[in-house]
Each structure stands twice: as structure tokens, then as C-alpha cells.
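The chain that follows stands alone, in the form predicted on its own, written as C-alpha cells.
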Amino acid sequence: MTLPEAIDAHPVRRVSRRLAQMPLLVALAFVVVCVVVMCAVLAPWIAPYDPSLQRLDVGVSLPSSDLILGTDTLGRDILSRSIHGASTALVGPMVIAAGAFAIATILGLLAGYLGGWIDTLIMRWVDFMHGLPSTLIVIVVVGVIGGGYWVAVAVLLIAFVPSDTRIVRSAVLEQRPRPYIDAARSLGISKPRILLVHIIPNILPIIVAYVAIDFAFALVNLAGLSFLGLGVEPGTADWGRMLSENRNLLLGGNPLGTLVPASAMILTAISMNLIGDWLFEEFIG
């Protein structure tokens, strides 16, 4: 290998080169995600008003110099509520995506590498879960338990595990027959060490890419539960809840009460999908 080829093969330089060649649309997606993260972290300092502050004497109002996006039926500032809504839109989906893949990684590693009855047991459970109407099950379970943001997060996390397990298992099956695994076995390296030290680093790009995609689906599902009244508590600044509370303002009053949270949710979900697809194509495909 020549010196230029060796330099280009260095992992850090290779990643830097791919980041420099990032498409404009993906770069804009990263910007959107960064803005959402900033809103979630800095909401108490950048939101102009308390998101729960009710001004019944004002009621519904259109945008003005003091209220940039206007107010909802209770006189609450839509801009402040949209900024604070980034917190629930970010934390819950990230917990669902990361948590589901953490569990799925363990199950997928065991099923893909060990095989045998362990693989059969895990995959029959995955098949059983896939046979259930997951969306309906989530709605029923959350409704029976009593709803709540973290209850919805926990139920969605479990619902995401089967699909993620299939992904991890497929990645492990692709790695298992490779020469470096045979070499590790011939050297007497234990199975746990092979899984943790050799296989996981090689399938980590797949996990990262699909976590980003899972985040987008979790965001939409969690917002949908909030829209149905099964997610966050009434009055909470949440994009899905805002859609439910302000849906009557779309045709009269202040349509921004619906359009702003809907646009924020759609842009965030699309951005995470674009990032996940780009990561998959650049570092895996």
C-alpha cells in the first residue's frame, strides 16, 4: 500500500472525507436536528414566555410583534410551547430508539452467533410479536395502564425490539463466517470476547444508522399517542398534544397553533430519516 492510500485508509481521515462530501440535503437535516436539540436543552432560556401561562383575556390571537406566532384558545404562547415541546419530542424517541436497539443487540448477538435452540426461541418470539397488530396493542396497553408519557415510551420501546432484533441478527450472521472470526476461534478466544470485541465494532455502524431511523418512527408514534390523549398529561407543551388541542384552530382562529408543531414534527422525522439513510449508505452500503 502506498503512503497516500495508507493515509486515506485511516479511519479518522476516511470519516472526515465522507463528512466533507455530505450532500446538501443531509447537511440541512443535521441543522434541523441541531436546532431541535438546542430548543430542548435551552428552552427555559430562549422561550419568550412560560409555556403554561394562560391569558384567558387574550384568548386566540394571530401573530403580532409581542406574540410572534400568536396564542391558542387559552391564550398560551404558541412559540414558547413549540420550543418546550422539543424536549418530549427528543428525549422519548431517543430513549425508545436507543433502548430498543440495546435489547435487540443482545438478542440479535445471541441468536445470530450461537444459533441452535437459542436462535429458534428468540426468532419464534420475534415472529409472534410481528404477528400482532403492534399499533393497536400499544394503544390498548397504554389506555388500560392509564397513559402517561413514560408509560407510552416503555410500551413503544418493547414494540420496537422485534424488528431491531432481526436487523442485528442479520448483521451478525453476515459477520460470523468471516475469516477474522475463524481466526479468533482458532486462537481460543472466548465467545463473549468475540461478540464484544470483534463482532459489535463491525456491526456498530448498522446499529447507529438504524437508531436514527427508529428515532423518526418513535417520534411519530409517540406524538400520535399524545394526540389521542394517551401520551403526555393535558396541558403539557408537546407537539402531539398541541395538534390535538389546537386542531379546531386550523380553519378558524390561529392556524399556526396546528401548523407549527406539525411542521416541527415532520421536519424532525424526515431529517432523522435522511441522516439514517445517509449513514447506512456511506458507512455500510
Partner chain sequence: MGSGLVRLILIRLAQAGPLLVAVSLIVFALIYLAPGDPVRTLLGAKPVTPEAIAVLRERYNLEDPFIVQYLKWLWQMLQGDLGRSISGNRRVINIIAERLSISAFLAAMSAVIVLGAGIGLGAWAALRRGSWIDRLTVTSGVLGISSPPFVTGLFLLYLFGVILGWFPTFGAGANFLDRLWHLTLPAIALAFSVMAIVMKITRAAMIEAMVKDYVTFARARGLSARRVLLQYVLRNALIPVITAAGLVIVSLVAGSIYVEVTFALPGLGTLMVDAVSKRDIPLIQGTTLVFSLFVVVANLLIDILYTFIDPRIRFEGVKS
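On a predicted model such as this, the values are computed, not experimentally measured, just so you know. Numbering follows the first chain given and starts at 1.
The same protein has a further form, the form predicted in complex with the partner chain, not shown here; the description that follows concerns it.
Colleague: Within 4.5 Å of the partner chain in the predicted bound form, heavy atoms considered, which of V91, I103, V140, L121?
Modeller: The residue in contact is V140.
Colleague: Only one of V36, L69, A47, L243 comes within 4.5 Å of the partner chain in the predicted bound form by heavy atoms, so just point that one out.
Modeller: Filtering the options by heavy-atom distance leaves L243.
Colleague: Please run the contact check for P133 against the partner chain in the predicted bound form: heavy atoms, 4.5 angstroms, yes or no?
Modeller: Yes, P133 sits close enough to the partner chain in the predicted bound form that at least one of its heavy atoms falls within 4.5 Å.
Colleague: Hey, in the predicted bound form, does F128 get a heavy atom within 4.5 angstroms of the partner chain?
Modeller: Although the partner chain is absent here, F128 would touch it in the predicted bound form, with heavy atoms inside 4.5 Å.
Colleague: If you check in the predicted bound form, is I145 within 4.5 Å of the partner chain, heavy atoms only?
Modeller: I145 belongs to the contact set for the partner chain.
Colleague: When the contact criterion is heavy atoms within 4.5 Å, does L56 count as touching the partner chain in the predicted bound form?
Modeller: Because no heavy atom of L56 falls inside 4.5 Å of the partner chain in the predicted bound form, the answer is no.
Colleague: With the distance limit set at 4.5 angstroms and only heavy atoms considered, check whether Y149, S163 and A212 all reach the partner chain in the predicted bound form.
Modeller: Answer is no for this spot.
Colleague: Can you name the residues of 236-266 that have a heavy atom within 4.5 Å of the partner chain in the predicted bound form?
Modeller: If the 4.5 Å heavy-atom criterion is applied to the partner chain in the predicted bound form, 236-266 yields L243, R247, L250, L251, P255, T258, L259, A262, S263, M265, I266.
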